[in-house]
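Below you'll find only one chain, the form predicted alone, shown as structure tokens.
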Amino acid sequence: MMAGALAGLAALGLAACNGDAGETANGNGASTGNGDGLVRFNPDPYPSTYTPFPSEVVLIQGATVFDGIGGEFENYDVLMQDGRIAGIGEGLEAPDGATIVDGRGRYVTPGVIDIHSHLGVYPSPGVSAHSDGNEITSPVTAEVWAEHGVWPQDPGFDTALAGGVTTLHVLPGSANLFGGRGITLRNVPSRTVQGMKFPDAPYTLKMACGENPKRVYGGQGRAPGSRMGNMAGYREAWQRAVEYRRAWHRYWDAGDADATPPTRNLELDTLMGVLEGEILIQMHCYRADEMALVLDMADEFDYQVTTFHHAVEAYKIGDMLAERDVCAAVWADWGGFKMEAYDSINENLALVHAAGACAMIHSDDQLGIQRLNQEVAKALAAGRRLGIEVSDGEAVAWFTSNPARGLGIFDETGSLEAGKRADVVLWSAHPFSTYAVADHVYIDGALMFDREDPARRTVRDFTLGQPGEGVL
């Protein structure tokens, strides 16, 4: 999906940040490029500068391996070389100079991926001065980007790493109908957010259903003040995006370098990106009836919903999600805290999976992100008590490959397949055990966390000199 998205951008004629000859700024927030003299705009003005940390050739031997796509293999080896998975299998030969890791009695999975986090925009521990996750000034703020609020020194990144999290998706909050762009990050220490950005991962757009937008703005005597108002607000914004997109395409198709281009609008840039299929919709939505309405709206304006988040009633529409190729990200057992979360059941994740839809766990929490393997264990146990047959290997996909699919990065990570990024966790015990902890966490083959090596602890300014500094 990621490669396809990039190819799509080229097809649109949106100039990539690649130094095209003749590209010049035009004062419209855009630039001329492609040598045709037409104004275009850069879809990635804050590009990733992520560079993998140095890695070695590593061979984990004799472990029980979950490949993240349903497979479970005993007494298997995993070979990492040049930052990629070089192979998994029995009795792999160690290349010269390889570091050998004894995996006997231990378990290997792909790195944990959390599709719903607010780390960085709501750092942990939180203080109000660092609270940058909600632009509660207008119900439509598609122009804001979470990455512009991420604080790379959030200590929560380190505690998430200790829980095996190698990739996380940071979203703005849910006060608004359109909350802004989300960003997918590698869980590595960096001075800048650009240094954490997952290279070429698609941008996402956070939207929110239900009680949050109508409460926040209805309480101010503004629209939306009801679910009717929510839908009206979405539709009005999408219609403006349709017209904006039409104006740009009319200009590009005419090919007249002397014509005046449309006036650029940062809010509508993002919505147009969704209509073009380049930006993925990640939508906070609890109730099944609302999700069904949103799917109708997506048909009305011809776009795709990628994932519903907090989808506590997804079990009621699993067939619809499967038919529409829409994912559901859910909690294991968190519900009942407001009316739209009242009809939650612990079997939700297993039922959505059984319906054939792409299902996954998510955290939305700085503590929950540290134990997503255990959250999956709870959801799996609830499903099995109901009589749903799900293998351990299939359930591992709930915190690895399925969130990778929901983020459009499955071509690169989320499973232990040759050629993919070597994002790997070596667990002390079965990952669904209460007692399992991550012994080693590798990102692009680099050992980023070693439970036995205190020297491999990042010490942030926020925790420097504090009790427990460097202890995870």
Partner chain sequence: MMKSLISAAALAAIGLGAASAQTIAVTNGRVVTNSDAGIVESGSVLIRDGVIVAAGANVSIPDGVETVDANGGWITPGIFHPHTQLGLIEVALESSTSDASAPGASFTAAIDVADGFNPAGGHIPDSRRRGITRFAVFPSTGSGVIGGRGALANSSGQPDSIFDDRTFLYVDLSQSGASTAGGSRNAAWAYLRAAFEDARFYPGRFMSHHEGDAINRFDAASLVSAVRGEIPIVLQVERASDIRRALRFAQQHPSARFILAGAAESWMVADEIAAAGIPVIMDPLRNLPASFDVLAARLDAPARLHAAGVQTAYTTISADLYFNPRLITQHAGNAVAHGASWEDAFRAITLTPAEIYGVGDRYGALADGYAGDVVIWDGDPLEVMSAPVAVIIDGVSQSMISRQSRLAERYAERVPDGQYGYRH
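Quick caveat: nothing in here was measured; it's all calculated off a predicted structure. Residue numbers count along the first chain shown, from 1.
Although not depicted, the form predicted in complex with the partner chain is the subject of the following passage.
Chemist: Looking at 313-321, 96-104, 172-180, 185-193, which stretch has residues with any non-hydrogen atom within 4.5 Å of the partner chain in the predicted bound form?
Modeler: It is 313-321 that comes within 4.5 Å of the partner.
Chemist: For W145, is any heavy atom within 4.5 Å of the partner chain in the predicted bound form, or not?
Modeler: Residue-level check for W145: no, no contact with the partner chain.
Chemist: My question is simply whether V274 lines the interface with the partner chain in the predicted bound form - judged by any non-hydrogen atom within 4.5 Å.
Modeler: Flag for V274 set to no.
Chemist: Under a 4.5 Å heavy atom criterion, is Q81 part of the interface with the partner chain in the predicted bound form?
Modeler: No.
Chemist: So in the predicted bound form, does any heavy atom of S124 sit within 4.5 Å of the partner chain?
Modeler: Residue-level check for S124: yes, a contact with the partner chain.
Chemist: Each of Q366, F432 and R451 near the partner chain in the predicted bound form, meaning some heavy atom within 4.5 Å?
Modeler: Yes, the whole trio is in contact, each within 4.5 Å by some heavy atom.
Chemist: In the predicted bound form, which of the listed residues (M228, M339, A259, L266) lies with a heavy atom within 4.5 Å of the partner chain?
Modeler: If I apply the 4.5 Å criterion carefully, the residue I get is M339.
Chemist: Name the residue from A292, A86, A381, V140 that puts a heavy atom within 4.5 Å of the partner chain in the predicted bound form.
Modeler: Here the answer is residue option A381.
Chemist: If you look in the predicted bound form, which residues in 335-358 sit within 4.5 Å of the partner chain (heavy atoms)?
Modeler: Residues within 4.5 Å: G335, G336, F337, K338, M339, Y342, D343, S344, I345, N346, E347, L351, A355.
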